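Single chain ahead, by itself, as structure tokens, in the form predicted alone.
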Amino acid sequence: MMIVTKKVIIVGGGPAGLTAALYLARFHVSVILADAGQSRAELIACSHNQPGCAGGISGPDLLRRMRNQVRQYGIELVQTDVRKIRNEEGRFVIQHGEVAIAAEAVLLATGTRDRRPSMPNEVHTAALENGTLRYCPICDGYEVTDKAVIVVGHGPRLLGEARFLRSFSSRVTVASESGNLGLSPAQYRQLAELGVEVVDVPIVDYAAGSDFMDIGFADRVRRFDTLYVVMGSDAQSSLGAAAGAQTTPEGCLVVDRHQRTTVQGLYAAGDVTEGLDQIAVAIGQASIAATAIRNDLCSENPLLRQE
């Protein structure tokens, strides 16, 4: 079996993984980036929160630019779904087909995955593209200013999202697919005080128009400008957990202030860690992680580049 040796393996080709690859390449650290091609950033129709992109930028366009930038430094981007990280004789090893890739350090930038509403894939895709379906009011609450918004979810998270969106629009409605919002009487009172409408019958259908979302309830159909989904997400932390890294009760990888996990040589950045799921945060964490990786490697050998 062929073995390829690098200093660092990065797993995940979203904004965090690509930023770390860029920093490490400019530190003259040999790195390979393994990406399954499932970055959540690929689903962003247009982000207006990315500094330097005054007209907004789509997720695919941002990732394309970042990939082109790291390729300028000779970084190898390998499309592969990493299923396991082995620890062999002090090195981390992943498998890519018939090739084993070994490294002294691994950065996990595997992200998180949103829990989706019960709608066909084609409806979900079309609604994301035209902005009638959204997941992150921090990213795009501005875009729904004064619009009719429905927030679909369950429990305290639903209440929190409704409170947040109420500062953008006076026309906010909450509902759940089951009809049970999972809220206490006190929480219902909070919604009433905010002027948030409550619908407590089940959702049975979604239909996306070019600039609206029709929600089919058990007793009628209502039209909204935008649907916000508040069903939670699942951190893609299984690789790190299987390697022995500690996770939070929510499943995120635990890291220190330098993005080190609890396993020596294993680092994490971006949405797979606990914190604000934002591109800017992922980029910042990746730069911290890459610098820590470089410094940790150089603590063993200051002349890293000359190996």
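All figures in this text were calculated on a predicted structure; none of them were measured in a lab. Just count from 1 along the sequence shown to find any residue number.
What comes next is about the form predicted together with a small molecule, which does not appear here.
- When you look in the predicted bound form, the only residue of I32, V29, L266, L239 with a non-hydrogen atom within 4.5 Å of the small molecule is L239.
- Contact with the small molecule in the predicted bound form, defined as a heavy atom within 4.5 Å, holds for exactly one of Y135, F212, Y206, F168, namely Y135.
- Stretch 102-110 is the contacting one of 214-222, 102-110, 189-197, 174-182, since its residues have non-hydrogen atoms within 4.5 Å of the small molecule in the predicted bound form.
- Contact annotation for A245: none of its heavy atoms lies within 4.5 Å of the small molecule in the predicted bound form.
- Contact annotation: Q69 falls outside 4.5 Å of the small molecule in the predicted bound form, judged by heavy atom distances.
- Within this chain, L77 is remote from the site of the small molecule in the predicted bound form, having no heavy atom within 4.5 Å.
- Taking the partner from elsewhere, R260 is found to have every heavy atom lying beyond 4.5 Å of the small molecule in the predicted bound form.
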